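Single chain ahead, written as structure tokens, the form predicted alone.
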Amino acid sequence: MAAFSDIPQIQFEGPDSDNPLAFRYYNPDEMIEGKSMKDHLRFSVVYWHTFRANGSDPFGAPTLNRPWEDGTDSVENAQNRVRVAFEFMEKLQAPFYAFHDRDIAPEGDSMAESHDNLDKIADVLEEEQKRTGIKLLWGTANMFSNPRFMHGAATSCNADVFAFAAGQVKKAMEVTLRLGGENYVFWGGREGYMNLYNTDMKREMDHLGQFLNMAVAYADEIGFKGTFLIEPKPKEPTKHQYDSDAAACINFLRAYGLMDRFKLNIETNHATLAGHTMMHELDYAGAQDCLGSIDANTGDLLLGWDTDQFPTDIYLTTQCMMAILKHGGLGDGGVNFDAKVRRESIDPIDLFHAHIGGMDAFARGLKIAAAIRAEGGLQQFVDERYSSWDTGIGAQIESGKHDFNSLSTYMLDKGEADPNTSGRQEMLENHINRFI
């Protein structure tokens, strides 16, 4: 029996619609800067929060009403859950989904049993992908929930744990390839430390670099051509994670010779936990040609942990899309809703309300960002602000024609530098408000 039989497929009805089960701004076929909204945004539903979360937290038991669950962690229940998930995604018109291996299939009593469970669920995923046309944005391996990973996975102090993680990732990569996944993600959930007194940081980072190079080698062996993605996060559950922000990840990739195969999957709530805005993280990654995909959510600025809320702030989504459009889009990545309904939003229909709101927020942000770019005033101001670098001494410096000696001579001759021009921050904030 269908899980959402009383809910129609979600359609675009325009800004004036009062239907809570309709899109007001997300029109998949609408063209923006020469590309459809669907292709710009490449929306993806996450399997873990949407179909595995039960509303429990450290202070309370499960609250969410999920009538398709039978209360077991059986393969049969997992197979049924796949069909429910695809019914939901089909009605939402979401073109992609993403998973951790342990989201979709129960872990067995041995690695061999876990692999077998994963294959059985992959059979159903493959059937549903063919039936619906929904694709896999990315797969990944959960190497943080099981107690064996309490000290990390690739960075564990125990070599057998490193080996187990390698076997688990190997299988997850094979399933991702089988299902046509366009990317494979590494989120180092426990790849970090709680205390430096008991930690050999260099050895752990070397091991992580070695692990990721092994993944690249195995991808070449099996013919996986997708993009590898690292997802930055500064803390939680560890005190410090080695993939703490975009800059740290890119430095790590350069140090271990991985820049040609990896990009970043950047998450809003992780950016704010690192003390950055999402726009900063996107712009930094884009400037380094490392912008791959995003996890679209937001956090509560009054709370210091990863609350994974659905994005509804139009300023946030506009800033995201300004950066994404600036750097040429997300390529094979997408806007992946790594977000969960609140513990008090207990009904299955709340899953639709949450995703509709997030999709509309990003669609509206896309339209506003494109309008800002088309008007051109913001870019004109930035160009004029840096105009001293376009001619004369600035252009000569950028082309490598000067050194400290020649620049010192230039200033001794000129006498003083005069940067007495306003940054016009308030004017530019007002300018953006005109569009929002």
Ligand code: XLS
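We number the residues from 1 along the sequence you see. What you see is a predicted model, and the numbers here were worked out from it, not measured in a lab.
There is another form of this protein, the form predicted in complex with D-xylose, and it is not shown here; the text below is about that form.
Counting any heavy atom within 4.5 Å as contact, can you tell me which stretch out of 207 to 215, 263 to 271, 311 to 319, 152 to 160 lines D-xylose in the model of the complex?
Heavy atoms within 4.5 Å of D-xylose in the model of the complex occur in 263 to 271.
Do all of 47, 97 and 176 end up near D-xylose in the model of the complex, with near meaning a heavy atom within 4.5 Å?
Not a single listed residue reaches D-xylose in the model of the complex, so no.
Just to be sure I understand the contacts: of 101, 360, 191, 338, which is the one whose heavy atoms reach within 4.5 angstroms of D-xylose in the model of the complex?
Partner contact (heavy atom, 4.5 Å) among the options: 338.
Identify which of 86, 187, 252, 184 has a heavy atom within 4.5 Å of D-xylose in the model of the complex; exactly one of them does.
Checking each option against D-xylose in the model of the complex, the one that comes within 4.5 Å is 187.
4.5 Å heavy atom contact, residue 140 and D-xylose in the model of the complex
Yes, contact at 4.5 Å.
Examine residue 352 and determine whether its closest non-hydrogen atom to D-xylose in the model of the complex is within 4.5 angstroms.
No, residue 352 sits far enough from D-xylose in the model of the complex that none of its heavy atoms falls within 4.5 Å.
Please determine whether residue 245 contacts D-xylose in the model of the complex, using a 4.5 Å cut-off between heavy atoms.
Because no heavy atom of residue 245 falls inside 4.5 Å of D-xylose in the model of the complex, the answer is no.
With a 4.5 Å heavy atom cut-off, would you call residue 224 a contact of D-xylose in the model of the complex?
Residue 224: no contact with D-xylose in the model of the complex.
Residues in 293 to 307 close to D-xylose in the model of the complex, defined by a heavy atom within 4.5 Å, in order
Stretch hits, in order: 295, 306.
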